[in-house]
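Just so you know, structure 1 and structure 2 below are the same protein chain in two forms, each on its own as structure tokens.
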Structure 1
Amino acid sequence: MKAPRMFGVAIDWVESRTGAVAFIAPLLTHHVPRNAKWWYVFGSATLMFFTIQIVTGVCLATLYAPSAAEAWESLRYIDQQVPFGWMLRALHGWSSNAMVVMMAIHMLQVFLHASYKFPRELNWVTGVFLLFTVLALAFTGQVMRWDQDAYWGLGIGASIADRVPLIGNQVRGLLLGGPIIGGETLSRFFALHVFVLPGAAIGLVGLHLALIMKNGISEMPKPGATVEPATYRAEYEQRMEKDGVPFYPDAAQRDMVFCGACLVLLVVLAAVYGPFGPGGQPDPTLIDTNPRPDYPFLWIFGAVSLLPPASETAVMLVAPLVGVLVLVAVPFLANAGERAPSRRPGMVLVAALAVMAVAALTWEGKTSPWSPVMDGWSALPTPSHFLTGRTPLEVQGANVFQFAQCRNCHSLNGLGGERGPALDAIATRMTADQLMRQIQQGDGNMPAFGRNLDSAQMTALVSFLTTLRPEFEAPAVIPGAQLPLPVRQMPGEVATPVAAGTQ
């Protein structure tokens, strides 16, 4: 029996018992709009990255130790001892971020093209829940690193949960698996990350694909082509019979090309930049830390950090709920009418403002000028020109300035933290007495250092700070104080002050 015939017999045998071909064939042959071009590839790319997440996640689960005492070391073991283990972790981490980005772009495209209108309202709703499931997967994945960022990120999350009225303690206990962050916390998040959330995501993906098969892929919007629920289905079927093309190979070719390019980029990023973390081992006694979330959450990090203290609790608890309700309500508030972006300028403006806000807050969360540079005192030496020509007391003050970790929050010559003001010209703004009082008592965001420095260190530090001014700028003076009178001195004479009006 020839090979092709044997292959056909085998396919027939499997099909007669499973119906696999009858199930898969409609997925490949269903008609899609002929003008469904490159705008429609982002959903397939999201599915590809999700598949990579599952494959790499299963491999990592066989090596990861979900124990508070061993999780951090197991990641170090994967990175350093397992052949290409670092690459496996890098692919998993970068594909997680890529999946969030692709899903966000896909939903933005659906929003701009109003593809959520009748009869695809539930397509949008499942996409919204799938987006939040993917974000939850990304967050729990960060916890799996079990480093300083994970520990303090959980602490921040627990403090937010504790603000829920009446049941805050119970919500925090449910999140952490107990009153504190410990082994139970990691076990709980491991179960969420490996079992609960992937299962929910797979179910939502299956439901989303089933709804796409039921309702079809929307056409590219055209001005004047409105959606009328009473007649849309029949009109859509007529258009597909007249001008539709099979998904395979027409649309599938573009999906495969785009997914292939994304896969190459993913491998390059993973190979060049490596895996995310782990950072330092989690240590609750180390408060001198600067936790920062992964990229998908930097905009939230930036937004929360800029909230006025009086509104923090209300915004943290109400804003997420309002955001979810608004997103879910979108297709039910506008499920008919125009779809073309040119005929919906208000919605285009909303989308543009949302993108700009997320981009700005992400940049704010990344640069975080309100956050100190925790290694500024050790990694950023004092520029040499601030030491040239200084007295021994002023040089000693420069040493105090360095080792008291002032560089964590204050910059010199553009290097250092930005939590406090730059000190390059501080002597033009504050006198020695004002500097002494500011350092001893603190003010605003600056803590008091009166108990941390003895009198000799304080004197030396202030002496150094009073030298920090541009060469030709005068030092600061106390308002209302009299400047010293200029002197007039003839050769061989003793200098005498010049009274006003005598020059």
Structure 2
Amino acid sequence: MKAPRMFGVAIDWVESRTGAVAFIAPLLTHHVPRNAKWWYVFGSATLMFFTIQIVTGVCLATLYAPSAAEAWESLRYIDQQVPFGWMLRALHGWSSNAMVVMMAIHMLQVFLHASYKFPRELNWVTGVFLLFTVLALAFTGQVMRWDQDAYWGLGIGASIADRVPLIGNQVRGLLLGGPIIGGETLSRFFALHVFVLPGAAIGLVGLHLALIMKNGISEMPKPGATVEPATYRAEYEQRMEKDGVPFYPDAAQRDMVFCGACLVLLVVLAAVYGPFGPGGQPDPTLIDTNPRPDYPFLWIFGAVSLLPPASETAVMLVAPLVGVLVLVAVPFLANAGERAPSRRPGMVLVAALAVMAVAALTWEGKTSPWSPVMDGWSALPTPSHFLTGRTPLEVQGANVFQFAQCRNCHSLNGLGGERGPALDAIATRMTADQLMRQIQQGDGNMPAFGRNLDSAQMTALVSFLTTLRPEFEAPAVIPGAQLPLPVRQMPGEVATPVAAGTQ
């Protein structure tokens, strides 16, 4: 028997018992619009990244120890000891980010082309559920790293849950598996990350694909070609018969080329930038940490950090609900009519604003210096030009400046924390009295140091701060004050009493 014949017999044998070919063949050959071209590759790329997540995730699950005591060490083990273990983690991490990005692009394209209109409303709705499932996977995946980012990320999640009225404590308990972050928390998130959420995602992907088969791929929108629910299906089928091309190979080859390019990019990213974390040990007593969430959540982090305190509870609890509802409602608010972006300028504006807002908040979340530089006081020396020509008391003031850890939040010469303003020229803005009051009582985000510094320390510190101004730049004065203020002359400056109120 010749080989091709044997193959045919084998196929027939399987086909007669399973009907697999009869099931798969129409999937491959179903007609898709000829003009779809490169616009429709993003969904396929998302699916490819999801497949990579499953494969690398299963491999990682065989190596990872999901216990609070061993998780962090097991990641070190995977990175250092397992051949290509670091590559596995890098692929899983980068593919996760790539999947979120690709999904966002896919969603944006569907929104701009209004592909969600009749009869594809539920395609969109399953897509929205997939979005949240994938974001949940990303968040629980961040917890799997069990490092400081994971710990504080959980802490933020738990404190948001705690704000729920009446049942906040119970919601937090459900989330963490107890009142605090512990071993149960990791077990819980592990179960979510490897069983519940992937299962949900696979189910939703299946549903999403089934709906695509049922409703067909939407055509490229044409201005004037409106969607009329009464006649759309018949027209679509007519057009596909006349003008459609089979999915395989016509459309599939573009998917393959694009997915191939994405795969190469993924491997390059993983090889060059390596795995994410693990950062420091998840120990709440280590305060020298600057935890930030992973990329998909940086914009939320940025947004939350900008909220006025009074609005926090309302916004944190209501905004996500509103967001989900609005996203789900999109196809039901407008499921007929024009699809072309040129005829829906309002929706284009909405999409552009959403993209810009997320991009700006992500940047804010990535760069905002919200954490003090915890070792600023002990690692960053006072620059020379702030010490030369100073009196012994002022030099001691510079010591107090380090001793009281001012440097952790205030920079000198560009080095130090950025929580508070840089103090290089503070003496041009504040008088000694104002400085004294600010340090003793605090203000805004600045804590009060009145109880932590005695009178000598305070005097020395203020006298040091009053020397912090560029040479020949006038020190601060109180507008309208009657008496000439005592002004610290710097070496080289001519002693001219500054008359109050002359500035």
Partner chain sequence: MNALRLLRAASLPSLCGALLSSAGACDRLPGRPESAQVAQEGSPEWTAHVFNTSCRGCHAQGSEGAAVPLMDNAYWRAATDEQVTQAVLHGQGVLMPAFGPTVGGPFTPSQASALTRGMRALWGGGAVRSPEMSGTVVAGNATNGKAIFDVACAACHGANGSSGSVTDPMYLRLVSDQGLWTAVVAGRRALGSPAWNEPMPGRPNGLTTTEVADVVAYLSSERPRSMSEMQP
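All values reported here derive from a predicted model rather than from experimental measurement. Please note that residue numbering is based on structure 1, beginning with 1 at the start of its sequence. Each form is matched to the other, and the largest set of C-alpha atoms that superpose within 1.5 Å is called the rigid core.
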Review point. Pick one: which structure is the form predicted on its own?
Key: 1
Check your understanding: Does T467 move its CA by 2 angstroms or more between the two structures when the core is aligned?
Key -> yes
Check your understanding: Does superposing the core leave N408 with a CA shift of 2 Å or more between the two structures?
Key -> yes
Check your understanding: Through how many degrees does the small rigid part swing between the two structures?
Key -> 16
Point to revise | Rigid-core-superposed Cα shift at S371 between the two structures, Å | key: 3.6
Practice item. Determine, in Å, the CA shift of P381 between the two structures after the rigid core is used for superposition. Key: 5.9
